[in-house]
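Let's start with one chain on its own, the form predicted on its own, as structure tokens.
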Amino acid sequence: MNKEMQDLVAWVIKATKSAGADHCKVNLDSNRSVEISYRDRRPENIKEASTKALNIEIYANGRFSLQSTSDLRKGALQDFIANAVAATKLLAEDPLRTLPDPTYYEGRAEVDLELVDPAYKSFSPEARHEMVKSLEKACLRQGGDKVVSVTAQEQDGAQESLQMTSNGFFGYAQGTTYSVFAEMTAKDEGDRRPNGYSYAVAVARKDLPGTEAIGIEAAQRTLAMLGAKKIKTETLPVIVENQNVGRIFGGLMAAMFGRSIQQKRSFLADKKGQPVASKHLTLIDDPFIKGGLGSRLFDGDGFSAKKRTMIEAGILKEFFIDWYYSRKLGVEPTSGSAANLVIPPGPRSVKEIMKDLGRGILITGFIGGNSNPTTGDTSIGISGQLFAKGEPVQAVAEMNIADNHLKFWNKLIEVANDPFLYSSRRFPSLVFENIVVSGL
């Protein structure tokens, strides 16, 4: 626990109430971040930053405002708070904007989520540079004479956050993160310059895959797109690769939030308890995964974290509803944000599934696209590999799939056994049937 942060936040709570607020919530964040990238075997960017930010939610005379400052001197804060409270009292009333009922703060789990890497403090600048050099070297070697350019990057950071409310909530969280990224652009026929990338993110450095493996994968993904072209429009089974599932899933998830429902922008608003996908889709929001990138003991409202099944065998069970929108909708709140989203993996590998499917497309990238949360209509560009008898036969690009989410997710026929663990969206590859893939 950071005593200095705790004392400052307690002082801000007291000062805000003394300035005329009925209630307030104060959040103090402290972050340190480092970024190193290489290009052409030389450092391209070296950045280090330390920041602190204080956010105050002010509730005064039935009115609300959110104010932020990075000037943490008490003299400056005194003036900032007085002006912020006075400005809040000039706003329109919103009686539904209140701090949560304190009963939702109760029942917090007492568990170490292992969100801090003890080795972070000893992560030296030399080790960071060696990591990026190794990443770039592996990508260049694997790319060979097809390489136009390679960018290799490492980012890491340490975060602290302390949150307190005037009605009794107190929460403190710490964390560390590491991310590594490699991207390659290759020479192809004519003016084509396909590029591909690979990345990984983790709380602890020991949980990252080897940097050489990431560099090699970035090159392999790029080389696999050489000669990519459109094929004729066809109805095919498709497999969406694990690390790309989040992109298409985002269109379904956007309709699961209280804000969308209250503002009549959700095609799922009246679907709770009803099927919205095939029986193969189960979605769990699990905040208690040790070392999980979205793990937490409380959410932004201060609600004690709970594991929830959001979709079970295709049936929509829950929405993401924060305190404010629960009051607007007149329903019980859950949480206004997701922690770690998990789709339970199936028993078979992508390779095994491809053999059984015969002919289809393995989608390894999405381009552009849009999704309408009101109607569920979606359209997105794809790239990947056409396969036959389980083997890639042609790289494809500049193609498109269009559907409605309520139809699309009912075409899910299998879940692979390869969850992508370097994200808070721990999704495996998903297999869909009867997808119209538009090309020539």
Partner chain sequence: MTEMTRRSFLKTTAGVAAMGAAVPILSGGWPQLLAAEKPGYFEREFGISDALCRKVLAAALARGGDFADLYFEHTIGNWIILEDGQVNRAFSDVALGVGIRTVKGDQVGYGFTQELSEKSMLNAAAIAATIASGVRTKPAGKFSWLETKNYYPLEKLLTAVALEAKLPLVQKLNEKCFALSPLVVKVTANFHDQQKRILVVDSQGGKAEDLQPRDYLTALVVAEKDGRREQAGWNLGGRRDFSYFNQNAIDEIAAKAVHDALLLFDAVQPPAGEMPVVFAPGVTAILLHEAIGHGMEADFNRKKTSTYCTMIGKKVAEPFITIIDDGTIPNLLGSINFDDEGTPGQRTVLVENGILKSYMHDKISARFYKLKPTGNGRRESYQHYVQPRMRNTIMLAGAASAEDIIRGAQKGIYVQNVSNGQVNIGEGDFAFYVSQGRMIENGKLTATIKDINIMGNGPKMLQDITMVGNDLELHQGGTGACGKGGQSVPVGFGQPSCLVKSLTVGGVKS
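Residue numbers count along the first chain shown, from 1. Keep in mind that what you see is a predicted model, and the values were worked out from it rather than measured.
Keep in mind the form predicted in complex with the partner chain is missing from the figure; the text below concerns it.
Within 4.5 Å of the partner chain in the model of the complex, a heavy atom is found for all three of Arg265, Glu398 and Leu440.
The partner is absent here, but in the model of the complex a heavy atom of Gln155, alone among Gln220, Gln155, Ser304, Thr282, sits within 4.5 Å of the partner chain.
Contact annotation: of the candidates Arg205, Lys271, Lys133, Arg247, the single residue with a non-hydrogen atom within 4.5 angstroms of the partner chain in the model of the complex is Arg247. Although the partner is absent here, Gly171 sits far enough away that none of its heavy atoms falls within 4.5 Å of the partner chain in the model of the complex. Within 4.5 Å of some heavy atom of the partner chain in the model of the complex lies at least one heavy atom of Phe181. For Gly368, a non-hydrogen atom is located within 4.5 Å of the partner chain in the model of the complex, even though that partner is not displayed. Proximity of Val201 to the partner chain in the model of the complex falls within the 4.5 Å heavy atom cutoff. Note that among 340-348, 137-145, 107-115, 319-327, the stretch whose heavy atoms approach the partner chain to within 4.5 Å in the model of the complex is 319-327. Contacts to the partner chain in the model of the complex (heavy atom within 4.5 Å) from stretch 82-117: Asn83, Ala84, Ala87, Thr88, Leu90, Leu91, Ala92, Glu93, Asp94, Arg97.
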